[in-house]
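In structure tokens, one chain follows: the form predicted on its own.
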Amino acid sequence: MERLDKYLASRGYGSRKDVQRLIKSGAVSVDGETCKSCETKIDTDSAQVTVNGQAVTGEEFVYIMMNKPSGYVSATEDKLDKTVLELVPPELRRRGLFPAGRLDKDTEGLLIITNDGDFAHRMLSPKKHVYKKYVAQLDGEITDETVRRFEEGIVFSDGTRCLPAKLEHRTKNDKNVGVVTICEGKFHQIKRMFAVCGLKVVHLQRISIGNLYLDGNLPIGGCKSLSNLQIKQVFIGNIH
């Protein structure tokens, strides 16, 4: 037996929250009856589940590494801007693809596209401590005080406190470029953290999630399938 929301997320119908909204909208039926309860337990071997009248099948999961370019929003659809899904080549496209987490429109780098909602939930939950690493180019120098404030946990003007983060100089000779490691994903978090320290982010690139690093040979805007080993690397590694 399996919860209905978890079952649909594992079949590529979006993140756990996406699936819960879908169920509550009345679009899901179990054995011919509309079901609006996310917690309903179903027998995955015998239950007949439909979404908007279409039978749910055990669609193969896909995991795609994208080197996201600036100018694209991390969304499945947008009325104003181009979305990252438009960059996925036809041979990798599947029903239910979505970006696992978000990068700002002007942020580049590692983004995972998948149709596995449970995978995305595990990757994004702060409780799982999946650390993401970014390279930030700034309009000023990173000082020892900046590093200390990141380690203590930056507090925004509205009182929101960030978890402790690691900040390092990328090289000893370049004080304007830092490498930031965090396990959260608050709105514009890294830009706001540096702003509290009086610095503006000029360019931002995500280079790793867990122990999965952006392929240096993958061009900006390029995509590639992830192997089973690479998928597991997402959940390996920490801030130390």
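On a predicted model such as this, the values are computed, not experimentally measured, just so you know. For every residue, the number given is its place in the sequence shown, counted from 1.
What follows is about the form predicted together with ligand URA, which we do not show.
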Give a yes or no for residue 188: in the predicted complex, does one of its heavy atoms lie within 4.5 Å of a heavy atom belonging to ligand URA?
yes
Touches ligand URA in the predicted complex: residue 177 (any heavy atom, 4.5 Å):
no
Non-hydrogen atom contact residue 107 with ligand URA in the predicted complex at 4.5 angstroms:
yes
If you check in the predicted complex, is residue 204 within 4.5 Å of ligand URA, heavy atoms only?
yes
Partner contact check in the predicted complex: of 147 to 155, 122 to 130, 162 to 170, 98 to 106, the stretch with a heavy atom within 4.5 Å of ligand URA is 98 to 106
